[in-house]
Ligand SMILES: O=C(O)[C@H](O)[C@@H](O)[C@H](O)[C@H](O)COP(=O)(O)O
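Just the one chain here, the form predicted on its own, laid out as structure tokens.
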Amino acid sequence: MAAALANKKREKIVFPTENDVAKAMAKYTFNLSKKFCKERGYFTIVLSGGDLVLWLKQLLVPEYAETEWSKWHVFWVDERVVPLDDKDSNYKQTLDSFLSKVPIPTSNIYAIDQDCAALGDAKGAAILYEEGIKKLVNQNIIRTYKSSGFPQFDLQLLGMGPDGHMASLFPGHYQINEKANLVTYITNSPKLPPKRITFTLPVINCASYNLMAVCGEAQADAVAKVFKDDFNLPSARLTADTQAIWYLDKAAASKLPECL
């Protein structure tokens, strides 16, 4: 595993501030949206929670007014299994700060099942989310990866926790090793709330483009471990079909050796 991942090039760009990271992420997203909408007529984008939700507001500036929102299909790399109107819901956070401000058709926004969310049924939510993705593959909205047949999203915007987790794949938890399913679940997340669903690592790494955006000194130790190829950290296992790139602010990159 480690040898295979080490052969995948991990790129990075360090920006002066968090705001610079957010602006660069918006530009990167806009350019890929333009590319895939032209090539395929669709743009499949996978979001995560945390600060990234707030950074998406950078896409609302006039510079990106030509974004073809009607062609976007929006997914979440992981989700907290709480009611969709709960403050901890990634869906609600993204809806309030971003999705409610752009004309993406509601039918193109793929939240977890409302009933499973309300009941706290993590297993059921994972099963239904996977089924929904498979239907979209059959409709040719989501592509499949050339060798494995796993779904291939155009772009995933990811974040990392201070412990090196990404999505809801945490160090020392078995979900990081799940290879058969597209979506798995966890009921004892070390970060609250405890019940979550998450894409599995093969699905994450099949994406055409993965952008990991990390800001803040609290993440600096984990960033340094990732770039030393400490594969005990799930984020160190991030690859992509075309490009896996890390956008860091100076604080997050502060413990990287200058040679990196």
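The first residue of the sequence shown is number 1, and the count goes up from there. These numbers were taken from a predicted model, which means no experiment stands behind them.
One more form of this protein should be noted, the form predicted together with the named molecule, which is absent from this view; the next part is about it.
Put simply, Asn90 is close to the named molecule in the predicted complex: some heavy atom of it is within 4.5 Å. At a distance threshold of 4.5 angstroms between non-hydrogen atoms, Ile142 is out of contact with the named molecule in the predicted complex.
Within this chain, Gln219 lines the site of the named molecule in the predicted complex, having a heavy atom no more than 4.5 Å away.
Contact annotation for Pro151: none of its heavy atoms lies within 4.5 Å of the named molecule in the predicted complex. Only one segment in the set 133 to 141, 110 to 118, 78 to 86, 97 to 105 has any non-hydrogen atom within 4.5 angstroms of the named molecule in the predicted complex, and it is 78 to 86.
Note on the partner interface in the predicted complex: the residue among Arg40, Lys27, Lys191, Lys225 having a heavy atom within 4.5 angstroms of the named molecule is Lys191. Between the named molecule and the residues Val183, Met160, Ala125, Ile186, the one pair within 4.5 Å by heavy atoms in the predicted complex involves Met160.
When contacts are defined as a non-hydrogen atom within 4.5 Å, none of Glu11, Ile204 and Arg237 contacts the named molecule in the predicted complex. Scanning 100 to 114 for heavy atoms within 4.5 Å of the named molecule in the predicted complex gives no residues at all.
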